[in-house]
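Take a look at this one chain, the form predicted alone, written out in structure tokens.
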Amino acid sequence: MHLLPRFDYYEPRDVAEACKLLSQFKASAKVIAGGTDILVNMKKGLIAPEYLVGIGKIPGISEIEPVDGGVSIGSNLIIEKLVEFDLIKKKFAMLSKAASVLGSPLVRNRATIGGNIVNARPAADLPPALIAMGARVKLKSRRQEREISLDRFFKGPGVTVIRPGEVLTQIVIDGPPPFTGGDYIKLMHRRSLEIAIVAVASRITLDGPDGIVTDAKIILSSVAPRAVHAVRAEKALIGEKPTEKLFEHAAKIASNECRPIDDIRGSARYRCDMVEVLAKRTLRGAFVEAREQ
């Protein structure tokens, strides 16, 4: 581990000033919020930005606000708030569950939701749950603000659609339809400070407490360059009456829709096997929650 390289630090008063600085410095600048990733990477010598633009004190991007039955989450919100906040725990429980297994309490009280998203790690905890819930992100530059589905935000490991001069300001999640439930499970070697070997987020919507599946999402993480839909497994669920046999069938399909690698945390074969296990468990959990809604 090296000492931090030299850099100039700026602390803009608002998003407009942050965008101006990023446009001015271009590729030489990086945004810093919680700093739990960027400072580590700088110490490791992996990156050496000349300028850091701190957004921690910008007003309006650190709050959770109810919006038309859904929620708007500021990108600078610390992740522990997702675990504590009643609106998230009750209405978006899958996101709260994903946040609760991210890092350690020390990390969760420093890291931000925006940082976990823009780092675009294949094994990041929050994106699978957010994608399953249909989350969108707001990206602001000096000239415009655009909103994009999180499904289309990631291009590959460490690569997103963010343009030079843009700042991620908000994450927007619509309110769930009636009889909708979700679940997230992360497989790891230890209880904290561990990168996922495999993670699965599942969400289903029923047409009634004892009805058929009208919508389904199964998001697989740490088994591809970015979190991916198990598309064929999702289609196998829609229009069907939920049963244990149906969940087993969909989970089996999901295990064939990932292309993981072998690494120190687990073999590709093991990961595929665990996708099947976790998909079945998360679908079961999503079903229980959906019926309770």
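Predicted, not measured: the structure shown is a model, and the values here were computed from it. When you see a residue number, it is the position in the sequence shown, counting from 1.
What follows is about the form predicted in complex with a small molecule, which we do not show.
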The small molecule contact at Gly60 in the predicted bound form, heavy atom, 4.5 Å: no
4.5 angstroms heavy atom contact with the small molecule in the predicted bound form for Ser141: no
Touches the small molecule in the predicted bound form: Ile32 (any heavy atom, 4.5 Å): yes
Interface membership of Glu257, the small molecule in the predicted bound form, 4.5 Å heavy atom rule: no
Full three-residue contact with the small molecule in the predicted bound form, heavy atom 4.5 Å, for Thr180, Glu234 and Met274: no
Heavy atom within 4.5 Å of the small molecule in the predicted bound form - residue from Lys91, Lys81, Arg110, Lys97: Arg110
In the predicted bound form, segment of 257-265, 62-70, 243-251, 32-40 with a heavy atom within 4.5 Å of the small molecule: 32-40
